[in-house]
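Quick heads-up: it's one chain on its own, the form predicted alone, in structure tokens.
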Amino acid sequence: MLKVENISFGYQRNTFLKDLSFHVNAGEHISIIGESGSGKSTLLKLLYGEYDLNSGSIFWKNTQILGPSHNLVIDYPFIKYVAQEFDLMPYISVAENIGKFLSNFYPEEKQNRVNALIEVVELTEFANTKVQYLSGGQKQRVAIARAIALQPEILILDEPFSHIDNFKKHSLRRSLFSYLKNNNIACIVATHDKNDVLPFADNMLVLHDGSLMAQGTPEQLYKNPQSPLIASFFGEYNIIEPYGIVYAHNITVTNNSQLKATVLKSFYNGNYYLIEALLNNNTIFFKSLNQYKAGDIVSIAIKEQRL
């Protein structure tokens, strides 16, 4: 278990993270979300031991994770960290980068392990390609595979799919997160993408201005967002009295309602249109299978979403 207890961090009088506490069990997947500058990347570096805490403590099982004032080299064997910058060897192949820290005493076992990880990150056809010739997204996948090559107990990922295009992103998420879960590797992911979170995370933490605003399962926070910030992470939302926060998909067009909205625009989104409209002089958004023209008056109903 990773135990984070009342940690704070900052420089001089500026505190970036304040009194954070949470825990992560073996094999558990935790997502950290928040606006840019909320402290996500700083928190990940503290968990890895790159910075010294101002106060509080971080333990993985019985081992305390300490910063550079205690360690000349950051090298906890049970934890690996993949940042947004990739420290790869550009002049050797994908396979050689992934197997760089694996023992050469068992060459067949090493090769099998490298091949399996290349398959996990979907780079089989590039196994013998030098890293210098890869795209940013491919390099990101090599960095992830190298991090899990030594089978750490906990993996820390900072925006792990930020450089990867949508053609590969969906299948890669499933492959990677299934591998980690099947091998009981705990995973902490900082992300801006709800698709990294909803299908995969066991719990999520919401950071705001360096503080822990909320924590819970993705389903709990999705169905009961405690603030507009949380709702905005999951999708288009409205604030409509007396209902409070209402997602766009919880507003439907109906023939029987006293609520009348005036359409401003329709935005095509594949299997639905996102409709921008005025309700009581306030702008709202809702989803519809039909396209509407500016000026159309529609009757709407609001469905409350509860746990």
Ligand code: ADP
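Rigid core (definition): largest C-alpha set, two forms, superposition within 1.5 Å. When you see a residue number, it is the position in the sequence shown, counting from 1. These numbers were taken from a predicted model, which means no experiment stands behind them.
Keep in mind the form predicted together with ligand ADP is missing from the figure; the text below concerns it.
Among F22, F285, Y292, F16, the residue placing a heavy atom within 4.5 Å of ligand ADP in the model of the complex is F16. Using a 4.5 angstroms threshold between heavy atoms, Y48 stays clear of ligand ADP in the model of the complex. By the criterion of a heavy atom within 4.5 Å, S38 is counted among the residues contacting ligand ADP in the model of the complex. Though the partner is left out of this view, S266 does not reach within 4.5 Å of ligand ADP in the model of the complex, counting heavy atoms only.
Shown alone here, T42 lies within 4.5 Å of ligand ADP in the model of the complex, counting heavy atoms only. Stretch-level contact analysis of 60-68, 28-36, 270-278, 240-248 against ligand ADP in the model of the complex, using heavy atoms and a 4.5 Å limit, identifies 28-36. Residues from 1-30 that approach ligand ADP in the model of the complex with a non-hydrogen atom closer than or equal to 4.5 Å are Y11, Q12, F16, in the order they occur in the chain. Put the two forms on the same core and the Cα of R13 is off by 2 Å or more between the shown form and the other one.
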